[in-house]
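One chain comes next, on its own, written as C-alpha cells: the form predicted on its own.
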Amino acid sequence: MAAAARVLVVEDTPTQAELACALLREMGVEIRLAECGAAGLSIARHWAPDAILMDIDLPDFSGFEAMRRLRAEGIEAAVIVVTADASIRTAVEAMREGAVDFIAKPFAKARLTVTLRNALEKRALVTELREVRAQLTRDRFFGFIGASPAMQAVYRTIESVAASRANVFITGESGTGKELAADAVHRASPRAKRPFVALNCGAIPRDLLESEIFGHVKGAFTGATDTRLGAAKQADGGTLFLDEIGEMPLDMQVKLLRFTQTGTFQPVGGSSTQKVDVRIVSATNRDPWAEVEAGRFREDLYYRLYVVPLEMPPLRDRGADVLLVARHFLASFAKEEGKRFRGFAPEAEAALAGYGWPGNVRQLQNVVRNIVVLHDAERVERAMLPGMLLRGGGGRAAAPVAAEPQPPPEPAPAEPPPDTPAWTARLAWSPAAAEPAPAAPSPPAPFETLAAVEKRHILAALAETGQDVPRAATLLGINPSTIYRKLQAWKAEEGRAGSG
C-alpha cells in the first residue's frame, strides 16, 4: 500500500471514529475525518481521497445516499462500507451503490489493513487501465492529429524520450511532420519553457551554415557588420532542431561533432570558447545509414545524433487518419476564409481515403486549402476535388494485372529418319519402336488470376459487412484505403470497357 494514500473516514460515532483513525495512523496513511455525509462530500471534493471508510447510519443522510452523490459528482475514491449490519442485503446494496468492499463493526486491524490494501490496489489498476485506454485511443497529441496505431507508436516514443537528455533522430518522407515531432519532443520535456530553435540545413548557403549555427563576431567576414548569436546560443537550455541534416557539408559535420561531444563552440571569427546546454534533435528524409555508407555523412557524427530513432509514418499507412486530418484542415481553413464548409460528402471522403498521398500531410493540407479557396458550400463534393484524386493512385503505379495463363505450344513433330517406310512416316513418328505417338494430353483448366481472386474476396467481404469498408478491411486484414483504391480502379476499368 502506498505510504502517501489518502483515506477519508465518514463516521458519526466518536469511539468508532477514533478507533478507525488510530488503526489508520499505524498504517502510515493521511487521514481526514467527517462526522456527517455533507461534511464527507465537502472534504472529498477538495481533498481527493484515494479511499473512503463510509458509515451507513449518518445523522443527515445514509452512507448509500452519500455514495450516490459521490458517483454523480465523478469522485472516484474506493469506498469501503463500515456497518454494524453485516447482512447479505446490506452487502448487496453496498456493492450496487459502488462500494468495493464492506467491513462489519467492530473490526480488527488485520481486517482493515487487508481490505484497505485491496481497495487501493484495485483503484490503482482501474486508473492505470483507463490511462492506457486513453493513450491507445487519443487522436490529438500536441500538434499531431491521428489515432492510427502508427501514430500511437510515435506518441509513446516521444513521451518515453522527452524527459531524458538523449539526442533524437527523426526520419520520414517529406511532409510527414518531422518538425512537428521535434517540437513535441521539446514541449513534452523539462526544457519546454526554454527556447526551441529550428534550422533547415538545406535552405542555408553552405558558406553561411557555420555562422547560422554558431554565430559570428563583427567583421568576421564581408557583410558581418554586427556580432550575431547563432542557433546554438539561442537554444541554450532548450532544444536545437537541425532539419535536413543530410544536406550539411562534411567540413561542417566535423565542427558539429565537436559541439555534440563537448557542448562548446567558437563563433566565426571569435577567439573565445562558449559553452551551452542544448539538446539536439535532427531530421532527414533520407536513409541516414545509407548516407554514411555513401560517404556523405560522418559515421562518428551519426552515432552521436542517432541515439533515439523516431520514424514518422507516411500518410498512406495511417488508415482513417487521412479523414481526421482532412476534417481538421477543412474546419480551420473554412474559418480562416469565411466559408461555409462543415464536412465532406461520402464520395469525397472515399476519394480522399483511396488516394496514396505521395506528398503526405503537407499535400493533404494544400489540397484542402485549394478546395476551400475555390469553392463554398455546406460540404465538399467529389466534383470539387482536384483531378489527381479523382483518378486515384496517388502517383504510385498500379499493380500489374496478371495475364491469363496460356497452354504451352505444341512441340513440332519430329522428322522421321530418312529410311523410315512411307506408311510409318505418314503417322506421328515416335522414336520408341517407331510406333505412332500417343495423343497429346489436353491442357489443364486455366487457374483463376490473383487479381480475380483478390476482387472476389474484397467484394465478398463488402457483401458480408453491408458495404461497410472499414469492417471489410478488418475482416481481410488490410487498410480501408486499399479497398477504396481497388473500388476506384475497378470502376475505371468498367468505364473503359463500356466506352470501348
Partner chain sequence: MNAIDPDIPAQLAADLPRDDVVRILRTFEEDLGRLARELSAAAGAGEAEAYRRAAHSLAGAAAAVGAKRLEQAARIAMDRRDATEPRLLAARIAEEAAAALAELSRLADNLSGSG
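Residue numbers count along the first chain shown, from 1. Remember, it's a predicted structure, so these values are computed and weren't measured experimentally.
As for the form predicted in complex with its partner chain, it is not shown, yet the points below apply to it.
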Could you spot which one of D57, E464, E454, E65 gets a heavy atom to within 4.5 Å of its partner chain in the predicted complex? D57
V92, A108, A383, A294 - the one with a heavy atom within 4.5 Å of its partner chain in the predicted complex: A108
Partner-proximal stretch of 454-462, 38-46, 24-32, 470-478 relative to its partner chain in the predicted complex, 4.5 angstroms, heavy atom: 24-32
Has each of D12, E18 and A84 got a heavy atom lying within 4.5 angstroms of its partner chain in the predicted complex? yes
